[in-house]
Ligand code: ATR
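One chain follows as structure tokens, the form predicted alone.
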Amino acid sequence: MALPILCGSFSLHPVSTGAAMHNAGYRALGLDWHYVPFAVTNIAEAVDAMRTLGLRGAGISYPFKESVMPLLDAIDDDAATMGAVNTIVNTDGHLVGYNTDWIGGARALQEATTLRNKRVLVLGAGGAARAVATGLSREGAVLTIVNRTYEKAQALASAVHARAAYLDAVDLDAIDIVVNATSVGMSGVSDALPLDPSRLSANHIAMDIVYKPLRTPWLLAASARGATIIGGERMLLHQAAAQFALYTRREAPLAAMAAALTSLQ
């Protein structure tokens, strides 16, 4: 009798979100697979355990997305471009690193609009911002990058063929989409707003990568201004669906995974 297949996640503080989505997807397709979140403090030991135990796949969370890369046998071109891995696939002990965060960001926005030639303001220049900006650039969006440290905004802008700017100098009337790609607004991190919502209108789409809380203070304020809002849970869902496809080599049952995510909120 074939043994069940195990996947999981490696993070300092494991949460049930990914497990709920992946396990719901397995059930929907009738797969004898199981997804378990693991608390990890030593990523090298975790990768060794992945080989030893034969885990098919693992999601990688902060702060291991960069430090895990030299421990793997190969890195997908997208992950190499972004300098970060959030997904490992194990094929008979051969570990390959991928990045699905950029897919999640683009697909979340594509639920609301097309991206080609849309003018997008990305707030932030860290790892999450790089993933989002990469995805949007590939879909043909015209990007402006803003960050507290202007030099970091310039570096990211150069990498994704965008322009860097100071926030006060950006004409929001010339912007279609604003993406908060920082941790501002996350529960336990900051209650601040990444951008003055009075600068938004019904002509804007406002997206937040933060999903705890589901509706951040900034999204609530943007909605009050008439903007279309997209919560971070949509990016989370789509990056998980891309992981699911890498692990199983089957199309992810998005409705089942979305329902599982909603049940946690």
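Don't overthink the numbering: it's just position in the shown sequence, from 1. Note that the structure is predicted; figures quoted are calculated from it, not measured.
Same protein, other form: the form predicted together with the named molecule, not shown, and the subject of what follows.
Handout entry: 4.5 Å heavy atom contact, K152 to the named molecule in the predicted bound form
Key = Yes, K152 is a contact residue.
Exercise for the section: Mark G124 yes when one of its heavy atoms lies within 4.5 Å of a heavy atom of the named molecule in the predicted bound form, and no otherwise. Expected result: Yes.
Exercise for the section: Give a yes or no for T182: in the predicted bound form, does one of its heavy atoms lie within 4.5 Å of a heavy atom belonging to the named molecule? Expected result: It does: once the named molecule is placed as it appears in the predicted bound form, T182 has a heavy atom within 4.5 Å of it.
Practice task
Classify N147 as contacting or not contacting the named molecule in the predicted bound form by the rule of any non-hydrogen atom within 4.5 angstroms, answering yes or no.
Solution key: Because a heavy atom of N147 falls inside 4.5 Å of the named molecule in the predicted bound form, the answer is yes.
Problem - Option touching the named molecule, based on a heavy atom within 4.5 Å in the predicted bound form, out of A128, A84, A141, I88 - result: Contact check passes for A128.
Problem - Stretch in contact, per heavy atom within 4.5 angstroms of the named molecule in the predicted bound form, of 75-83, 91-99, 132-140, 183-191 - result: Result for this chain: 183-191.
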